[in-house]
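Given next, in structure tokens, is a single chain: the form predicted alone.
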Amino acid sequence: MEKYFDATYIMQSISMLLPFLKVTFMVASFSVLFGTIIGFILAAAKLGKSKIARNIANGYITILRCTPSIVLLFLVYYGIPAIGNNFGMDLNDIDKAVFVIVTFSLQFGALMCEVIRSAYESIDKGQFESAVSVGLSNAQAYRRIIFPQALVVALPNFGNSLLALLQEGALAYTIGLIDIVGKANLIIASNYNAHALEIFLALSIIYWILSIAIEQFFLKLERVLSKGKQSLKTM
């Protein structure tokens, strides 16, 4: 089949790919949710007084940092059913999205642990002591004083981690999940590799727009919350 570049096919490809963006968003949303929960638990372990908990958290983060995303994805994809079989459970029919969410939740949790820990440690501890001294409970001091300021510090790194997650999520098609990248590969295969360049350009445009929109959202949110942080400091 003759292969040639057709710029009009880029827009056609975008219209074919966009409906599958919801799968990408779904995977990213659940990964962020569960990953943030894991991150809070790990950060609490690292900031706590238990040496065992700190060592476990440090070991977890080191292992996740040293494991390539695609290797972790296949470990989860093949490992969970294998473990299930040892306990008499057939997990081979689980939706592939579950394996992807588990993989990137584990990975995002390691990232969020460091984001949360560094944000918390950046706040002057004297503010907490001052809040408690004027009658606030520990929970109120954290909720009204510490957390809002730590959130502002954490936002840029959280935004960067989210962008990295969206990009890493493109690996989901390697286990057969039909998200936006998986659909692009299906279209290319159905065209016998014709117009592959146009399809990947369309995919790139979608990711560019999405990344810029997320970046701008976090920049504006950071500016808004920074004003509140300044008012807290002057209290």
Partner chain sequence: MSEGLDYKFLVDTFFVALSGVPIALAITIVALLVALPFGFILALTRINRIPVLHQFAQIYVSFVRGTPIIVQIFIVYSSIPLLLDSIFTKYNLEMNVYDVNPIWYAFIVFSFNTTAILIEVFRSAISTVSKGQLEAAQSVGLTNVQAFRRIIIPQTLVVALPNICTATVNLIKATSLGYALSLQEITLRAKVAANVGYNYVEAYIDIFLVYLILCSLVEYAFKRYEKRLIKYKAVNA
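Predicted, not measured: the structure shown is a model, and the values here were computed from it. Positions refer to the first chain, counted from 1.
Another form, the form predicted together with the partner chain, is not on view; read the next lines as being about it.
Remark: of stretches 35-43, 22-30, 48-56, 62-70, the one touching the partner chain in the predicted complex is 62-70 (heavy atom within 4.5 Å).
Contact here is defined as any heavy atom lying within 4.5 Å of the partner chain in the predicted complex, and by that definition not a single one of Ser105, Val153 and Ser161 is a contact residue. When the partner chain is considered in the predicted complex, Asn191 lies well away from it, no heavy atom lying within 4.5 Å. Among heavy atoms of Leu197, some come within 4.5 Å of the partner chain in the predicted complex. Put simply, Ala170 is close to the partner chain in the predicted complex: some heavy atom of it is within 4.5 Å. In the predicted complex, Ile212 approaches the partner chain with a heavy atom inside 4.5 Å. Taking a 4.5 Å heavy atom cutoff to the partner chain in the predicted complex, none of the residues in 110-124 make contact.
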